[in-house]
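We begin with a single chain expressed as structure tokens, specifically the form predicted alone.
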């Protein structure tokens, strides 16, 4: 960039800093910025448009357009040239704006006499805040240097908006991080919690966007980048050779840390008048904007790496590292963009709930949240930008709704809901030791799902009769290396001990799809991982891993009963082969003189429709069958359970789905094979009641669901429920739910 332009940029930013330092109201500061920018860039017009809500832009300040239009002119996202800049997060530079595609004429502004138009986005770390515009009567294309200069001003505007510089009497903006905000996300784990925000990674706040001494800022940047490079090299040196995935990520970090173009752009930003921190954040914001519009998965990953590296550099410059000194508040609710299972387990039961911007219903974090019995909401877009440590926050995990800094009426209604749930829990506790026996005399066995030692105390507290599913993959997911056989054997032994004679069904390693081990190379060529190389398919293709886990299970039993279940079996041969692996290991352990289980039961998880139609010999060979409802439902309806657009369209009480449940129960009855249902739907009282009416006598669910399910089962006649369902089958209705709900209301 020419020295003249750099000098002009520094001069403009210096004048802006003086204006922002004045003790004036927010609107006056915005007006001053438009005046200074128009004068510096020698344009007749400079205007600031800011978002009033996520879809609406408002003219908040102008030099050159009619002042009467300020706070009156509004447009939708994508509407007009200003709306296009906001939607695409890219500049629009035109010599003849009225002839541009999508141009919108706003007569109240008086802009019809201005031909040229340059608009740049005002954004901070991917968050859209508004648009900064200059216009001139002359028909001209603004130079690259002028575009750059306007982007620098937009960057300062974004930072000062974050710091509340434009709030006050007559202000264009309301105070950030002070207003009540509601977020709609996706249910990851049901439950409700009232608490205070604890940010997993508090964002870096840039308090000095404009530099006093560019030379000093350049030195600070150089030193910080060198520090960053050394830390990446140190991490690479500590990474074990076989951990190829971690090395690839760190090698990418090293590439970016040594990128001359990245460094050059930040140096140019500093030369134009920005501080070192603001220069880093300006490039980071541009990277995040590109990240949102890049369809290529590989490029998105690389831009994500650059984003992560920029965060590291900002923390070095500001000293605002992960350990910020912020104490965990009372009733902490963790808020994060995403989090791994290991980090979540470190927080443990101190947390009242978790809110994530990313994640999935089957993610590691969701599994751990269920194990910790705390509500989880995922896909809460933008919450990490809005929340501050200590803010009051309400999680409605039953609806997927978060209230941040709630108004009193919302908080009061929410408190009433929590009190009602507490009273219900007291009612459930009173029947904890009673059987789940319906009024017609049918008893249903209620088991709990688990995956951590922390789950096991719930066996007694919930009234569960055993563990219907112990997820063994969690011990693989929370490590950065393959666990040793001895470690697993010791853990599984403690699980059996903690069950105190109650049955425990161990599901063998269920990885793949959205459960990827950091130390195992992912299959990047899989367009649909949920239908790809996962669970038993991985085990059969990697027999060494399967043998190691089966040996650990046998040794953990140490003369006690052992029950093993293989996941995601799609055909008889897969089960037969996996079963033989276990029998072979039993024989091997016997030859080594080790104590064998007193009894070994080998079953399969029925999660694919194909297995429901397997040969009779499969049902005869299996010691038991567990219907894996979560996967079976998504494959049965061809509806990805991670996709909110489709997963809610398909009802568990759809007659087609109930028909396949009835078919499976019938086939198991023909061969005398015990059958159970395991999954989220087993923990929903209405669904559980219908499953029991269809002949299922064992249900496995999260511990917190056992009380509500038992409470309903003890109040109904399952024979009458079956009659209602049969009537729906004959009527041709699509779902049994309306008829079931009508029948339940008639019983009360």
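Computed from a predicted structure; not experimentally measured. Residue numbers count along the first chain shown, from 1.
This protein has a second form, the form predicted together with a small molecule, left out of what is shown; the following refers to that one.
Not one of 190, 353 and 455 places a heavy atom within 4.5 Å of the small molecule in the predicted bound form. Heavy atoms within 4.5 Å of the small molecule in the predicted bound form are found in one stretch of 487 to 495, 280 to 288, 673 to 681, 193 to 201, which is 673 to 681.
Under a 4.5 angstroms non-hydrogen atom cutoff, the small molecule in the predicted bound form has residue 641 among its neighbouring residues. Interface membership of residue 469, defined by any non-hydrogen atom within 4.5 Å of the small molecule in the predicted bound form, is confirmed.
Although the partner is absent here, residue 124 lies well away from the small molecule in the predicted bound form, with no heavy atom inside 4.5 Å. Although the partner is absent here, residue 607 is a contact residue: one of its heavy atoms lies within 4.5 angstroms of the small molecule in the predicted bound form. The listed set 510, 159, 391, 111 contains one residue whose heavy atoms approach the small molecule in the predicted bound form to within 4.5 Å, identified as 510.
Comment: the small molecule is not present in this chain, but in the predicted bound form one of 338, 630, 318, 360 has a heavy atom within 4.5 Å of it, namely 630.
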